[in-house]
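Quick setup: the structure tokens below cover two forms of a single protein chain, split into structure 1 and structure 2.
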Structure 1
């Protein structure tokens, strides 16, 4: 989090809503997933980490049950009656915080009215979880405003529920978990079935995490995402005729290979193969990382991308080109798409001395081949949601 940015949001808050005491400030990061893609909803392991950029909120309680929402990113300002929260297309991004309040009040105390100003520095639609960040930020904030004692993990879960049931995107738990529970300089090995997790040190000696934004907008992302989920469910149903499993990721590779023919639809079979193999790659990756074997970590990243391209079919031309160009640069250990896919970002592990060459060469070559101007971020691994004191 940048202190200066937080100050700017506070100043803008005062300009908009007026001076006064009891102003509080909150921050929630974005996330990047190192490996384990499209398997959170298949009961698998994922390995994301929180970033040091994200979403800021400055807020003050009101004496009624009205919530006024504004952001420095867009013009829209919306006032919502907290006794009548319903989805409204015209409310655009405000539907995310509205959904969160609705879910929060199902398990926590009533939320008092408030005025809030948000600011986000996660590029929109980049696959770095700007929505999860906004949700968990709102959940963390209202828990403080309402004087509730809902635990962080429950705030994470209700944020996912808001996205599933209020906004209508059937996402898994990974993003909300990463932005809510992230820890500085650590990635999280999360078992999405049990929600057991382990922090794994992720400050790599001499290696940086470089995120490359394809700038390709994720047009049909939500409908394609939901389609992939149903294909996995179809594969699971076929396998359950013979196997006693609850999730695709309950199988290891050998069990899958032995029973793959049970899945009638070849497309669903490919999706399932990705899920099973990707899950094992996550475990292999964490193992290699703990041993300091970064070469293997990098190879697993490339293998993950290939599988997302060929079996899961969620990459698309732009992400593929970005990875192809990364592969040509020496000092790049591995590279892959991150997040839901269909556009958005890649994540690469790049040796310190090669970062500038990476950004220059991959940038130029990518632009030549796609006519899109990419953006690059050298990422630091930050802390999950928190209140910023002393603002």
Structure 2
């Protein structure tokens, strides 16, 4: 299917830009965080994996310093002078690849002019990292076009920098890391502060990842994110009066339980408890996967959602209903919200033979209870950014 999709993009590229040699093709996946939510800024681990759908690009060099950007997803087409890259609100999505080029040229060779056509099958606004996929795809593509030798991890870092400094979105590095460094049949245990990471086998024999989009836009996520961060910082300050810790996630559950009363504000105490326990859930999830124990992984997903609902209070009605309905289906190992919260998606582990029943029953019951029509994406664990040969 992926090869067919790339052929479609290539055919459309030729329709728009004409025949010619030296056409190249690239792919970068979307990602989902399996477990480890709202703890990256508390010194905790995240545990994302790349998916087997994402963003495609077909590109050809030009003989000047112009870049023509188009996508099969939106009508907007933009031509950019590569000697004069500036943020332009009217350029909308093209600001993401423009920012990547700007950051790339600070550490790599000059990027030649090119014509590019993108196509993404990551749903926009779903929380599956369509912007990070576009950024890392562009970085991978221009590194090849420019004959550069920038390492993949540097391409990941400059992609995040482009989003932070050029586009002005204060994202962490998990999304770009997962789509750039993903490995088929593996998840990534990542410390976002140090960028230390390890690949953990995540081979889902007889089980699929099913991502359910609530279709509830995440309107509250940004303001609540800042609020939760400050509550965690408050809890940390109280604990640091006695404990020598740099982050909440430097503690295990026993240490937290022993010192929880040091946190004066009960709300901040709840936030801290989520952070500490969620980080330990990530580590337990890694251990369970190494033993092939998907049942325990599923239980940890449910526990993660409960904590995000009750202690961190970032789920919201729609995400809770989606998980409640998932729990009713036999063959569902576990389910939880993934991403910032207050809308977006859930991630569930579902036995192959129950996937159709899951989509039908959860979809119908969710729609009855919310008047929103959800979307479902069945995914496997995919590969990080790469050039597609033979297109």
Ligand code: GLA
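Rigid core (definition): largest C-alpha set, two forms, superposition within 1.5 Å. Positions refer to the first chain, counted from 1. Note that this is a predicted model, so its numbers are computed, not measured.
Here the chain appears twice, and structure 2 is the form predicted on its own. Residue displacement note: residue 275 has its CA displaced by at least 2 Å between the two structures (rigid core superposed). Remark: with the core as the superposition reference, the CA shift of residue 231 between the two structures reaches 2 Å or more.
With the core held fixed, the Cα of residue 304 is displaced between the two structures by 2 Å or more. In the core-superposed comparison between the two structures, the CA atom of residue 265 travels 7.2 Å. The Cα position of residue 41 changes by 3.6 Å between the two structures once both are aligned on the rigid core.
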